[in-house]
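What follows is one chain in structure tokens, specifically the form predicted alone.
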């Protein structure tokens, strides 16, 4: 197969293709998160937030590297290298979708939605019957808990924003999540993996419940 994974030669072609597509989408989502967090880690409103963002950027970049490492060298997918990832000039000049988000509330809410989409997929992959995937998903899921907590706790600080700006956060989260699900969502890929026997039948429901839980935490944080 021309786009084989760097592992799992014993899996069927359909299984490899489904895993490949899922890993590529998750890698792209993780790189986008890493870029946004890195872009803001010296612009946040507090030193503590800057430090948190710097650590989250490193972790997301690490996740992207691990996921990308599972993909075979023959797969020509457009992922950026480390130096390119942290270069605002490279991203903004080459891809409008990856331009730096311009406001602090906008970045936090948009990234929380994207992070929730990616984290929900990783949560489902913890039950993957292929041990190499499950082990990596377990480690990532643990780190994602802090990222989502940081996002929801930061949203609480936006309650004092002017009325229109505060009310717009729920709509921004919904739009950002819908966009993330369209571009990086894994429901179809996960359903295919269930059909192929690599995931338990409840994996798609697990992902949906995870997303619902994050949404509830977000709305509670909005007040």
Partner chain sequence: MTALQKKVFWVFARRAPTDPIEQVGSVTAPTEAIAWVYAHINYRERAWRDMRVVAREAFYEPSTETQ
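Positions refer to the first chain, counted from 1. Remember, predicted model here, so these are calculated numbers, not experimental data.
In what follows, reference is made to the form predicted together with the partner chain, a form of this protein that is not presented.
Colleague: Based on heavy atom distances of at most 4.5 Å to the partner chain in the model of the complex, which listed stretch, 55 to 63, 193 to 201, 27 to 35, 169 to 177, is the contact stretch?
Modeller: It is 55 to 63 that comes within 4.5 Å of the partner.
Colleague: Residue 149: heavy atom within 4.5 Å of the partner chain in the model of the complex?
Modeller: Taking the distances in the model of the complex, the answer for residue 149 is yes, it comes within 4.5 Å of the partner chain.
Colleague: Considering only heavy atoms, tell me if residue 156 and the partner chain come within 4.5 Å of each other in the model of the complex.
Modeller: Within the cut-off, so yes.
Colleague: Using a 4.5 Å heavy atom cut-off, state whether residue 69 contacts the partner chain in the model of the complex.
Modeller: No, residue 69 is distant from the partner.
Colleague: So, residue 41 and the partner chain: in the model of the complex, are they within 4.5 Å at any heavy atom pair?
Modeller: Although the partner chain is absent here, residue 41 would stay clear of it in the model of the complex, with no heavy atoms inside 4.5 Å.
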